[in-house]
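Heads up, the chain below is alone and in the form predicted on its own; it's given as structure tokens.
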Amino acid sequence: MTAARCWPSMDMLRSEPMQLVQLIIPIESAHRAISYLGDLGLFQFKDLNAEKSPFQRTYATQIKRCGEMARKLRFLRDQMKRTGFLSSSWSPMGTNVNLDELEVKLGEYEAELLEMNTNTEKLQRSYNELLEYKLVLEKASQVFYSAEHNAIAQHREVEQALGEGSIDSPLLLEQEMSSEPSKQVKLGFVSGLVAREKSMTFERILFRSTRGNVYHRQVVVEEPVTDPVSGDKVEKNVFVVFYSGERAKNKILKICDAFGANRYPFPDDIGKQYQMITEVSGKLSELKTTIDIGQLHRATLLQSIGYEFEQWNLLVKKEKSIYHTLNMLSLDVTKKCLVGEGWCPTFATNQIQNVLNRATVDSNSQVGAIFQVLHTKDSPPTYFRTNKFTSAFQEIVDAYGVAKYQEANPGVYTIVTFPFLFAVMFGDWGHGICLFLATLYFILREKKLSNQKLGDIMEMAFGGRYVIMMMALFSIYTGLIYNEFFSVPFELFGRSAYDCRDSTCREASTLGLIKVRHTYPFGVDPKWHGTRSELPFLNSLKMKMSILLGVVQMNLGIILSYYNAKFFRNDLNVWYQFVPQMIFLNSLFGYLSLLIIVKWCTGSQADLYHVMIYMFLSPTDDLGENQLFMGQKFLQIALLLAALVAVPWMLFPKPFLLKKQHEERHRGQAYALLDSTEDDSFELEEHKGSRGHEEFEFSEVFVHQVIHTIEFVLGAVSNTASYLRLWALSLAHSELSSVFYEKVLLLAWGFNNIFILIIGIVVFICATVGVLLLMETLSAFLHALRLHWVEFQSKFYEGDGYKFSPFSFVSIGDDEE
């Protein structure tokens, strides 16, 4: 089968023809069949077990099992992230992992990693405790050494003082030295580390609780220390508290516990101190070696997991989605088959049947799956086949509402009209080139950027890169028509048609210019810029152009309503909606567009405001100098009468004809039962049951038609006026660009100072990018969006359908658990 037969030519105007299908699949091949359908991605299943809770369904156990495996995979991903490993998108070829084997493997990996983490945590805590102990031994020995040094110095001073004193001094000294050891006061001490931010409070509490009967010394540790309990880097001080008595000791221990101070024993003897430092250093080196070996083993394990992680993750997600889909199928009476229903495009019939046959062969099933089309009156889902270029435009339409099944799709016209209306408001070919270059970067690097997380704003801009590209190209086109490059005109298509009256151009600002050559071939003549008549001329041009564009687009919307009515064979909408709407809109605003074109072609000075106002107030008065062509007065009267006739034409006939149709249909059903068979009567009862909820209420239909008529009549005026936003935003963009150029760039240039010029260029670039390329782009985008949603799509687009959401594995890798 060729690709052309599998995928017919793309038609975005109407959604793909859909069909409701019933699948009867043997249980032994059901899993493989659903998997193959997920690979195909063209079948949307209906939930036939909606009344059952998730725990009452057939495959609830398998889903729970997949959920547990997904939890283990999340654990492994967290471990890899903490270690700094990234799961590789590359996986070894030919490694078809069975789900049962994967479950066992994941359980083993989880248990091994948990055990490694526990052992590493214990070893790291011991290492941190020994590190703190070593610091205490080093810093506390300094306290004792300085205290001993001070004591010896004081003792020598006393000896010198006594030696120079009385004759009795040797006897007193001998008496003091020969006192009994039991009568000497023995001081205890507590040593450890306390957080530096708590050290002052710690010292104050010690002093107050013991009433000053302790001696407290602290030594600052220069580098932050890893706390054994929390594992965080903390700045700490080594403290030594000397006390006397058991009661004081208990108070000090309680205060240490309250402040989270880690206590460590400290020997009195200097020899033992050096011995302890040596032992602790040896243990630290051993622990460090053990921890490094454990980390290396853990890193090797995580690296081996990372090579196959994406494959495992995708397998678990696929299995989970398959069982979720299987739960939407119902068991046959014999409990040997699964029955499923769903929607699929008609062009995919052969592909789905081939997939089901392949699943039967691959699963060695004796019975094949049955594919049969069901007839239903349910509204099918809407499916437009789009590509990376058209998908963004279709999303703009879908944001307003998904098209009803087989309804005319505005997305086809939006591809051209949306960027064009944007460009009318954003017309500057310098700004358009900047937008195009920015979009070109996204398009050239789309393969790389599509796999990266860009943030919300950049992700939105990247998704609409082709929309922005079209907007930029149309902006370059309209910018060439407006002849604006960052508000500066250029003679790109020849010389200007106008020139000064004399060589000095002194009178150019008062008497104006004279035409000396042929008309400028493309766009606005560059001589218009900077003249006293520039603003009135461009205002008139852009305002009339906005009305013409608005009338054309609204007519397109009404014409599409005609094609919708013909497609759905609704003659009432053709004769009592399309025809009067076309007459009403074009009798007023189509006529205004005609007057604008005639005035442009003839160069008349007629006042179109006066013509349109007095067309309603005094239609029979002579037009005088405002007459543009012969017979204009009679044409205006005829158009006014046609517009007045079109209003009751829209309002009254349709509700009465709908009522008549309903009565005839009801009468036809009542008599149809006489000659019908049992099968026909059963179908008719179903038909009557389905329509029993759609009782015809004439008052509701009539009120709805009144609202629709008033909405269209008033909307014809308000929508036409709404298109004047094209003129307003185009003028605002042009004036802002001109202000930035003249008041920033040219002003800085006039100072003849390189420093001021650089500042002026930087300010000009920032203002252009921030205001004109970002804020003005967003503003023009939103206004173009409103014109499409309200003024254009409201004429024909119902947008009350629902999207075709097939079961597919394509987007399953992007979904987060």
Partner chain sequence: MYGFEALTFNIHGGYLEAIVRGYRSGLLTAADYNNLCQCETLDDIKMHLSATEYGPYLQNEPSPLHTTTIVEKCTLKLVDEYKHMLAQATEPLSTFLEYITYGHMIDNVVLIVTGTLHERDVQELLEKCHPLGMFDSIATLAVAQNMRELYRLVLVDTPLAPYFSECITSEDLDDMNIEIMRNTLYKAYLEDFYRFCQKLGGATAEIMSDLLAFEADRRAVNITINSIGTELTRDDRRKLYSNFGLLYPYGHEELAVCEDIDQVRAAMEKYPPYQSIFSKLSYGESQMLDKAFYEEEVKRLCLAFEQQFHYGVFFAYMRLREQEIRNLMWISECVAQNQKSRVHDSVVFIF
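All values reported here derive from a predicted model rather than from experimental measurement. Positions refer to the first chain, counted from 1.
Just so you know, the form predicted together with the partner chain exists too; it's not on screen, but the next bit is about it.
Not one of Tyr127, Glu132 and Leu315 places a heavy atom within 4.5 Å of the partner chain in the model of the complex. Stretch 255-263 is the answer when you ask which of 623-631, 255-263, 604-612, 485-493 has residues with heavy atoms within 4.5 Å of the partner chain in the model of the complex.
Although the partner is absent here, Glu68 sits close enough that one of its heavy atoms falls within 4.5 Å of the partner chain in the model of the complex. Proximity of Lys46 to the partner chain in the model of the complex falls outside the 4.5 Å heavy atom cutoff. Among heavy atoms of Phe755, none comes within 4.5 Å of the partner chain in the model of the complex. In the model of the complex, Ala60 approaches the partner chain with a heavy atom inside 4.5 Å. Note on contacts: among His666, Lys660, Lys272, Arg208, the single residue with a heavy atom within 4.5 Å of the partner chain in the model of the complex is Arg208. Distance criterion of 4.5 Å from any heavy atom to the partner chain in the model of the complex singles out Arg74 from the list Lys335, Lys453, Arg74, His704.
Of the residues in 48-69, those that come within 4.5 Å of the partner chain in the model of the complex through at least one heavy atom are, in sequence order, Ser53, Pro54, Phe55, Gln56, Ala60, Ile63, Lys64, Glu68.
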